[in-house]
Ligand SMILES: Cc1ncc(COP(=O)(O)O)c(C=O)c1O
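The chain that follows stands alone, in the form predicted alone, written as structure tokens.
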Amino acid sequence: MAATNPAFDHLQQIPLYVPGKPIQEVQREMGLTRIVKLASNENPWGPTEAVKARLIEAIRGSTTEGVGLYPVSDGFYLRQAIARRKGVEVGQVILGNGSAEIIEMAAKAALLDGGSAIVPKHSFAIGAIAAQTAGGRVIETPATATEVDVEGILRAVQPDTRMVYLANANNPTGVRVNKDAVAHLVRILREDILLVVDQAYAEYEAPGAFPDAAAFLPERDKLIVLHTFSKIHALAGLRIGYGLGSLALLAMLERVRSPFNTNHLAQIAAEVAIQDEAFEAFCREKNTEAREAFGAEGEKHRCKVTGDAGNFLLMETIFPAPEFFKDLLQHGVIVRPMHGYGLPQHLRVSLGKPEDMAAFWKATGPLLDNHGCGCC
């Protein structure tokens, strides 16, 4: 019988975060050489040559930088570059080991003395996991694969509610909450509740078209807006993200930020990336092309696809998604089954390069044609 530790029994209630299957693991298990990974919403078009050159320079080292020296603990120079780009003060920017770490910081700060956190159903898993690991109670509010109920969030608020997490656009559903709904939530939500708006995929939409919650920072002290360099900036392997908030809020979050939480290579790569608006525009264009092509090919196979934001799509099948996932693995294609998100017949598919999407449809098309899909 396996030994148990009663002191940690409460951790059994916290779900494990299950990442997308890595390429090396599929190669090892399947004995395949050609693998197409469309599981983790990574950007296949980067990083840029400018980012690579800056990283090589840093790795070679100097008297002021190199992997043998600690990084700038608060990431001042990157925060300064982000502040210039976003039109805020440096003190309104905080860095994290991916934006996921900032969600964890927010949960620690908000739920230090207990309380509840509101997380819509089918949301990015870290929102609920962070609240639970901070000692909070999670209130899951209604949502579907095509809609997030903002009024449901407001109705769910309890006297002990300390945090609300909203991913916009939401991963894995691709649902986007419009500007009026964001404004309503910002203005109606009780002032002492920390509102965390996760905008990891915002850069995939045209500037000015996205309902950016940062526009409401002057109206609400307890609002933090998250971005990441893992998606359009193509720095997922370096793990770095940032949050925007009021001076007072971020000064408090600094108390729960670990020292040196973002490494030197991540900071300098992101400093180059945040200034490259041309690369962002290129990736937006390629992403739009891939989304349109996916929709056209999906129609040929009578495939039901939802989600209109981000660099991924949600595909419904008539049979269990884990089975479809395993079938695709046999063909060297990695996608993400969504049963762990309460969507047992959905797959999330990242949008890759044309040759990657061609490989996906070569494997997927016959499966759909032979077995059917959610709209048949």
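Sequential numbering from 1, following the sequence displayed. Values in this document were obtained by computation on a predicted structure and should not be read as measured data.
Keep in mind that the form predicted in complex with the ligand is missing from the display, and what follows is about it.
| said: The chain here is shown without the ligand. Which stretch in 215 to 223, 300 to 308, 114 to 122, 228 to 236 comes within 4.5 angstroms of it in the model of the complex, by heavy atom distance? | reply: Comparing against the ligand in the model of the complex, the contact stretch is 228 to 236.
| request: Give a yes/no on whether residue 204 approaches the ligand to within 4.5 Å in the model of the complex, heavy atoms considered. | output: Contact with the ligand, no.
| query | Using heavy atoms and a 4.5 Å limit, would one call residue 148 a contact residue for the ligand in the model of the complex? | reply | Outside the cut-off, so no.
| message | Residue-level question: is residue 174 within 4.5 Å of the ligand in the model of the complex, judged on heavy atoms? | response | Taking the distances in the model of the complex, the answer for residue 174 is no, it never comes within 4.5 Å of the ligand.
| Does residue 99 make contact with the ligand in the model of the complex, using a 4.5 Å heavy atom cut-off? | So residue 99 counts as contacting the ligand.
| query | Using a 4.5 Å cut on heavy atoms, which of 95, 200, 128, 269 is close to the ligand in the model of the complex? | reply | Flagged contact: 200.
| query | Among 167, 105, 153, 273, which has at least one heavy atom within 4.5 Å of the ligand in the model of the complex? | reply | By the 4.5 Å criterion, the partner-contacting residue is 167.
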